[in-house]
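The chain below stands alone and is given as structure tokens, in the form predicted on its own.
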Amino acid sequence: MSASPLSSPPKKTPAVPILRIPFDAKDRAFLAEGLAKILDSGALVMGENTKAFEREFAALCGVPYAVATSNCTTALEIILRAVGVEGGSVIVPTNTFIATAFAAVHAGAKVVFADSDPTTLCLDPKDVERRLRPDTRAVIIVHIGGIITPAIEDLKRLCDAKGIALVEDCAHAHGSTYKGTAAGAWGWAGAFSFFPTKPLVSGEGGIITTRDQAVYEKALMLRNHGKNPKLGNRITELGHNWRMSEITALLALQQTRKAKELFADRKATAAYYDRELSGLAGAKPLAMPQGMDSTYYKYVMVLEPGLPRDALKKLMKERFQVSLTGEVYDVPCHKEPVWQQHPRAAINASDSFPGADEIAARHFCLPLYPGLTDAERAHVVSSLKAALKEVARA
């Protein structure tokens, strides 16, 4: 009697972590060589890597000027100080991270929160117009999840007509475009983050992009203790130490030079999710606006009313070993308790914002970062389908 063929060993279910930051051999060689040059040069701050990063990131965004900073929050504060918001108010979407509002407060302005559109997650221009005040100095639009809302055109027209600065918080939107214009090129200036979760990373670090020479020149002074190069570096601004180190700039430069490859990887994962999750019961992918090309800081799914997000996330992690990333955002900014301690900092934190409340309650985000394998993507999709069925039954 012939022996039966050996059965194949069971396939191991991949665990999908919340984040992975891949650096291949070529990346590591670039960074090692660059670090050696930095150590040999003795220029650890504001050297050649910072200059190259600023030049190449400005080109990536299609603007003439860029200023590297210690992080995105300081980049936002520099912009707001450069456009002159002190003593006035700044409109901020309540669907954002607290740093957006804090930048306005630290720049000397009061925060006025505005609602967001659940179809784009971004500012609602009608609500912005309703909340304008005589002292409104700037409107901050946040490109949530890497989405540039088509409403940016209406917001730009509104701000231009009123003489108000439109400022972009581009922390999520490296490389995203709408009608061919990149994030960071729509307003007076844009601020980007290079935190580890972002489309391009350097640990910490930020950068300002702008077409405005006056904003650029003032930003250079503000990040460097207010030193004015036109006056032999005498101090003409109430600046701060908001510089970027050369080591951080080296990492940011490596990412900028690899940006197209990193963006393509993110888009490939998003396209896979789009195909495999079409018609899914219980949740649907957030539709991308026509004319918008996103680099997908987040892949956002919208839950059907009544389905419990916490139960879904718990099941995905404990049963299927898939860690869903953080929401954008699960608590609107105006609901943070800090405003109870500082009521004068935010004028309307007690108002209602139904659009932001809907966003906060009904969405979740799938794992999306460079290096996700085909097996990991397939596991995310199959796990989500099974988990949604189970929470729906429950």
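One rule holds for the numbers: they count along the sequence shown, beginning at 1. A quick note: this is a predicted structure, and the numbers were derived from the prediction, not measured.
Absent from the display: the form predicted in complex with a small molecule. The rest refers to it.
At a distance threshold of 4.5 angstroms between non-hydrogen atoms, T96 is in contact with the small molecule in the predicted complex. The closest heavy atom approach of F195 to the small molecule in the predicted complex falls within 4.5 Å. Shown alone here, Y369 lies farther than 4.5 Å from the small molecule in the predicted complex, counting heavy atoms only. In the predicted complex, G184 stays away from the small molecule, with no heavy atom inside 4.5 Å. Comment: 169 to 177 is the region of 303 to 311, 222 to 230, 251 to 259, 169 to 177 lying near the small molecule in the predicted complex, near meaning a non-hydrogen atom within 4.5 Å. Although the partner is absent from the chain shown here, T73, T100 and Y329 each have a heavy atom within 4.5 Å of the small molecule in the predicted complex.
The partner is absent here; in the predicted complex, the one residue of V142, A104, A114, V322 having a heavy atom within 4.5 Å of the small molecule is V142.
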